[in-house]
Ligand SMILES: NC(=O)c1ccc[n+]([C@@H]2O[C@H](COP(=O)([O-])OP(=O)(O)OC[C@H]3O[C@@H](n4cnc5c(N)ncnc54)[C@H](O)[C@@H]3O)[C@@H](O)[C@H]2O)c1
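Presented below, as structure tokens, is a lone chain in the form predicted on its own.
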């Protein structure tokens, strides 16, 4: 059953909507009245999310597309246009290849950057004209604390840092035309992206939690409220901003301080 209706009748495109934060974002926007265009490179995953939303009374369609492929982005545009054009774009799809930078192939580096940075640029380029025609629209780019400090995954992190600049550029250039652009930068979340690492090291997330002042890593549900807020009219005078949602990680490193002081109790 649908709840609050901050997004009643608004068309929201969510990329990477088949699982993790993308699926959680779709559920929140759908529960608040949005009509969802759910994009994922995995057709079955996006269909599963769409079916879940339909069961709670939301209107949602699944689109199988690679956001780094112009042909796929054209499919996204056509799907949004069938509802009257996007009002909200959540650029969540990303790709991060594990491994030492020196061991990564040129193809892996290019793919990380293509999905994580080029994809949001192409999606914005495709959907902005419709928003401009309405003189209204919101783009929420999903960043990462990796854009702010070193946490590994160099190519992915560089792409997320580029997304910070892109977010601000959109806000400055298209703000006079009624478009808002913001970013949410999460810390570590318990999502499927960790599956392989957990198979190799079941304690990895427990170890990471020591670095978070709030004492735990995040869940997708910890982040979707910030995304929904920035996409809503409650944030109507917020644009070009980055909202860090990271359990206090980037505020400081108490574990390091404890190691320095020798007080690890």
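Since we're looking at a predicted model, the values are computed, not measured. Residue numbers count along the first chain shown, from 1.
The same protein also exists as the form predicted together with this ligand; that form is not shown, yet it is the one meant from here on.
> Quick one: is residue 231 in contact with this ligand in the model of the complex, heavy atoms, 4.5 Å cut-off?
Replying inline: Residue 231 lies outside the contact set for this ligand.
>> Can you tell me if residue 61 lies within 4.5 angstroms of this ligand in the model of the complex, counting non-hydrogen atoms only?
In response: So residue 61 does not count as contacting this ligand.
> According to a 4.5 angstroms non-hydrogen atom cut-off, is residue 27 in contact with this ligand in the model of the complex?
Replying inline: Residue 27 lies outside the contact set for this ligand.
>> Please tell me whether any heavy atom belonging to residue 41 falls inside 4.5 Å of a heavy atom of this ligand, as the geometry stands in the model of the complex.
In response: Judged by the heavy-atom cut-off of 4.5 Å, residue 41 is in contact with this ligand in the model of the complex.
> Which one of 171, 193, 113, 79 is close to this ligand in the model of the complex, taking close to mean a heavy atom within 4.5 Å?
Replying inline: The option sitting close enough to the partner is 193.
> Heavy atoms within 4.5 Å of this ligand in the model of the complex: which of the stretches 129 to 137, 99 to 107, 180 to 188, 79 to 87 has them?
Replying inline: The contacting stretch here is 180 to 188.
> Can you name the residues of 225 to 247 that have a heavy atom within 4.5 Å of this ligand in the model of the complex?
Replying inline: None of them.
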